[in-house]
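Encoded as structure tokens, the following chain is the form predicted on its own, with no partner shown.
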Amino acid sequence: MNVFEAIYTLRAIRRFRPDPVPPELIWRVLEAATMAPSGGNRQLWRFIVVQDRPLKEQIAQFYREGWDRLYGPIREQALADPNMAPIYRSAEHLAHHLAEVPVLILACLQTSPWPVSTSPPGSYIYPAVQNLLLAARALGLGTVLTTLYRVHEEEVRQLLGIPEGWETMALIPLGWPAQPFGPLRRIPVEEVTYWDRWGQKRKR
């Protein structure tokens, strides 16, 4: 798949079929993640692939609690908004069915001892996560970057045996999509791009 086609159709997938993902495809998207650049080429990342059902159910419980805490209070308001309602329903579905997704991938980053740097920690791992998302799209697999489980970050670390000095930065559900990819709805590039100074726009 052309890289621009992958980018322009990389929709957040939150509804998945139960079909298993072949191990060779899991390895392929993970290898794509490790090809990302990182500061000083340190590659301070690790990836945990979770397929064990009891583990997925526990992570799903943490995720659901994060969803209820942050988005439960705005449910009626979100569903009353025609623009917001479809996204909310999709995200709510994932919150209720995360354990059913065939594969959960946690992207972890070494955060201590942190080297002297002007780069925020996320800059070291999110390019790798984006590589993973694009590789999955090229293979016809669905993904979405999620962080709601982080309201229970310490419990997740204990559950998966993540050592001190490492932190989870994202959870990526991976599976065959039960909804179509793209096209995407995005703000036009002309509206979010300035030239030379803030607020100075150009026409294409």
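Quick caveat, the model's predicted, so the values are computed rather than measured. For every residue, the number given is its place in the sequence shown, counted from 1.
The following text describes the form predicted in complex with another copy of the chain, which does not appear among the structures shown.
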Practice item. Could you tell me which one of A78, A91, C108, A99 places a heavy atom within 4.5 Å of another copy of the chain in the predicted bound form? Key: C108
Check your understanding: So, in the predicted bound form, is E190 in contact with another copy of the chain at a 4.5 angstroms heavy atom limit?
Key -> yes
Check your understanding: So, in the predicted bound form, is L141 in contact with another copy of the chain at a 4.5 angstroms heavy atom limit?
Key -> no
Review point. Quick one: is G72 in contact with another copy of the chain in the predicted bound form, heavy atoms, 4.5 Å cut-off?
Key: no
Point to revise | Contact label in the predicted bound form: E57 to another copy of the chain, heavy atom within 4.5 Å | key: no
Revision key, fill the gap. Those residues of 173-188 with a non-hydrogen atom no more than 4.5 Å from another copy of the chain in the predicted bound form are L184, R185, R186, I187
